[in-house]
Every structure is written in structure tokens, then in C-alpha cells.
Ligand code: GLC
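One chain comes next, on its own, written out as C-alpha cells in the form predicted on its own.
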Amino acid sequence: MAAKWLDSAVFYEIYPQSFQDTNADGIGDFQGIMKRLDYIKELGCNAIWINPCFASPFGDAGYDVSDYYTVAPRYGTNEDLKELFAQAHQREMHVLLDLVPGHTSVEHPWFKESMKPEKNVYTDRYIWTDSVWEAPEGAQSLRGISDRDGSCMVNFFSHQPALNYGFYERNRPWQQAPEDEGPQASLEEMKNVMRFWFSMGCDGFRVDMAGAMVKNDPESKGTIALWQNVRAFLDREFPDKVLVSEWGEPDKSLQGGFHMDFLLHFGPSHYNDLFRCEEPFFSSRGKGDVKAFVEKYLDNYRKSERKGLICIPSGNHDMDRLARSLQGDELKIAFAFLLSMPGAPFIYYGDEIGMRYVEGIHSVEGGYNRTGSRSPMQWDHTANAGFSSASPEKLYVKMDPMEDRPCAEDQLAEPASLYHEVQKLIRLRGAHTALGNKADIEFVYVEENKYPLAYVRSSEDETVLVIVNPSKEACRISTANTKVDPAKAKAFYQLGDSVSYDEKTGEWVVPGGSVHFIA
């Protein structure tokens, strides 16, 4: 049984390096997160996802772990993280950590042991071929790095050797089955990592590259079975803990036992059609198209048995900031959509105040083009926007240099700010069961290259029609299938001018740049 707290969760993603520095080293830390918990709570978020915070050489911003059982000293200590869990729980908030089970850093002791030519307990912890002259087919590898004869598969960057969970289809003698001793040892050790942090107070994990565990697995059957094994372990020992997958195929991830799945900015989701393309649907220019996104969303929704656990984030550490392509009221309209859809919403730190992508900065810790979305949180008008008292050149990532950069202090003081709009939307979501994480959705107006977008959210006791028109041009839609009576219904949320009903044509008249929640 899934943890009930997830049914009403609204997440806030924290990139710990860039959130709040309390010791003047230019890098955020756990004490800084604790200092800002009330800010997150006041916004309306009751859950947090913290990007990787374990020991690491930081060749990939912590996604290259060197010790799963120890936090990176730059963030604090294990005791600090334990205290963070406790302080969040005191505020009735939950915390997910970021688990990277598919690979480690080359500096991990497991990998150093696996490189030895003598057989040992870690020999099969990673994926090695039998000969240095043979590389894993269709994959990058490390070779010639030790006296062990073989090439080691890597998952992404060349310093991230792939942990061994076996091969579903095997055609080479060095490819082990998922049930073999080496793959089973990898899986059991990941369960031990989870046990350790659950015992500290962690509420669950967001799992990196969750769909890529078992190799040569074209239909994901081996990977699904692996995660079903993990879910059975959770149900036995930690039924209140949750797993959220970076997979992007909800029909597979939910079958595997994950409680939720993210829509990804790559792959078939058409997520970028909404926010991050040449003509985003949420641009006021009105040249975008939402139909392909909705078709794929509904396909996933049906395959996942209408569980409503497909999460659509505002953004994350891997993609451009919303404000790189949307501005002003466009951002408010985008959030009205995000916060009225099924699944637990995820807000990337700073998106609630309209933080911008910082152009033209050098890569930091493997960020490359992603680095512009990882700049320090902008709190106020003090030094370094309140992020850190370190000298500017010591900051982890360069601060947005623009004089008009948004900050939380200004947004909190302005009633019409993006922050307050997001706060209002989260409160409405909590007050209306039909807008909840698991309430049903039915799209009632979706036309290719046309506006608006309209859908009905419904629970046992409530039906809400949502009409979203990012275009600056007014438009009309028939009321025939909207499931609310125009004569009796009223908008309980409105952004922009009021919607009206044309009795002669039986249509809603939807002003440009507007959103309406009607019940």
C-alpha cells in the first residue's frame, strides 16, 4: 500500500549546491536548507527532493557517488542530514533523497576493488568484459586502467562505471543473468543503502536512470522485475516510504512498483512542446501546439491504469529554466496548468520567483549547458542575493548578474507576484478534491495548433472545468462536453479577464492570456 502522504504531496526540488550557504564557502549546505524550510512550507510545498548529497568527487554534480553511506562534507555531516529530516517532519513535510543506483564514481572503493585481477567480492559488482580488447557492444567503456583484463561499461560520463544488475538477453560469456551472484549482490547492497537512510528519517528516493538498470532489456522486463523486488522489500519493511522514478514511461515504472514517474524533457513525452521549444504552447504568441503532448499523456495515463501519478515538473537541474522561454503572465499561466494536473507537482527551486537561465557561463561539475539553470537562489538584495557571504568568485555557480534579477524578498512583498500566484494555486489544489494528485482527468478541448486547452478534473464529490488560454487572442469553445452547467457554474479561480457564456452559440468566450477553474 502506497504511503498516504503522497496523495497530497507538492514537492520542491532543491539543488543543494545552490540553495543556501551558511558557512561562507560559496556552496549551499544542509544548515541552509533547514534555515529555509519555513519559506518552502509557506509557499505551500509539503515535500522536498534534494539532489545527490552523498560523498563524491563531483565530476557530475554528485551523480558520481564515492560513498552511499556518507554525505559530502561540503553539505555537512550525516547528523546534519538526520536533523534536516527531523526538522522537516516537525513541519509535517517529507524529504526524498536522490539515489543513483546504476553507476558510481571511479573513486568508489567498490570500483577500486573490482579493478584488481584477483577474484574478490567486488569483481562482479560492475560490468566487465573478459578481455581488454573487447568493449561492451553499443556502450562506452573504460579500458587499460588496471591490471584486470577487461573493459568496464560506463553509463554516461567516462568516470561513471555501470553497476552490474545483469543482462536480460545474453550473447557473450561475460554477460551475467539478473539472478546471478554479482547482480544480486548489487541489488542487495542498494537495499542496504535504502535501509540506512530510511533509519535516519529519509522518506523515500527519487531514483536516477531507473529504467536503465538491467542491460539488453528491450521491453524492460528484467528492469521491471528488479524494481518489483525492491517494492516488495519496501512493502515488507518500510510501507510508508516512496520511490519516484526518472524513467519517463509510467506504464513500465508503475508496473515495477514505483509510486510515481516523471515526464522527462527528452524521449516521446512532448513535454518540451509546452515550455521549451521555438514556439511553446504557453507563449502568448499563440503559435504552439499541445495536441501531441495530450495524446502521449493520455496514452501513458491509460497504460498506468488512470492512477494519476505522472508528474509534470516545472523544471529541474537538467533543463532550461521556465523563464528562459516564458515571461510575465506566461509563467503564471504555466503554473496554473502545472498545479491543476494530476500527479504530485514538482517545483524546481527558484521557478516560483521566475529565476532566469544564466547565459554564457562555463560548465561547473559536469553541468555544461545545464549550468545556467543551477545558479544560486536569489533571496534578497544583500551580497550574493542573500545566498552566501562568501566573496563572489568563490560561489559554486556564478550569480545572475542582471540588476533586475528577481528575488524572494521582492516577490513576497508584491501581492501580484508570481510567488503569490503559485502559493494561491497550491492552496486551491489542497482545498478542492477534484484538483488532487489522484483525481481523474478528461480533456474536453484539444485541437491541433489551436487554443485553448480545456480539461475536467473530477473526484467523488466535485467536478472542476479548467480552461487555459496562454494565447493573447480570445477564443471560444463549446460547452457541450464541459460537464458543468454554464447557468450555475462559477469561476473560483481566475487569471486575466473573466470568462463568459454566449447563450446564442452555447460557447464559453475565453479572453486571451487567461485561466479559469470553474465549478
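Throughout, we count residues from 1 along the sequence that is shown. These numbers were taken from a predicted model, which means no experiment stands behind them.
Beyond the structure shown, there is the form predicted in complex with the ligand, which is absent from this document and is the topic of what follows.
> Flag residue 103 as yes or no: does it have a non-hydrogen atom within 4.5 angstroms of any non-hydrogen atom of the ligand in the predicted bound form?
Although the ligand is absent here, residue 103 would touch it in the predicted bound form, with heavy atoms inside 4.5 Å.
> Any of the heavy atoms of residue 160 lying within 4.5 Å of the ligand in the predicted bound form?
Contact check for residue 160: yes, within 4.5 Å of the ligand in the predicted bound form.
> So, in the predicted bound form, is residue 318 in contact with the ligand at a 4.5 angstroms heavy atom limit?
Yes - in the predicted bound form, heavy atoms of residue 318 and the ligand come within 4.5 Å of each other.
> Is there a heavy atom of residue 332 lying 4.5 Å or less from a heavy atom of the ligand in the predicted bound form?
Residue-level check for residue 332: no, no contact with the ligand.
> Just one of 125, 374, 108, 215 has a heavy atom within 4.5 angstroms of the ligand in the predicted bound form, so which one?
Answer to the contact question: 374.
> Would you mind picking the one in 303, 231, 74, 370 that has a heavy atom within 4.5 Å of the ligand in the predicted bound form?
Selected option: 370.
> Of 202-210, 87-95, 164-172, 247-255, which is the one stretch near the ligand in the predicted bound form, taking non-hydrogen atoms within 4.5 angstroms as near?
Among the candidates, contact is made by 202-210.
> Select from 123-159 the residues with a non-hydrogen atom within 4.5 Å of the ligand in the predicted bound form and write them out in sequence order.
Stretch hits: a single one, 156.
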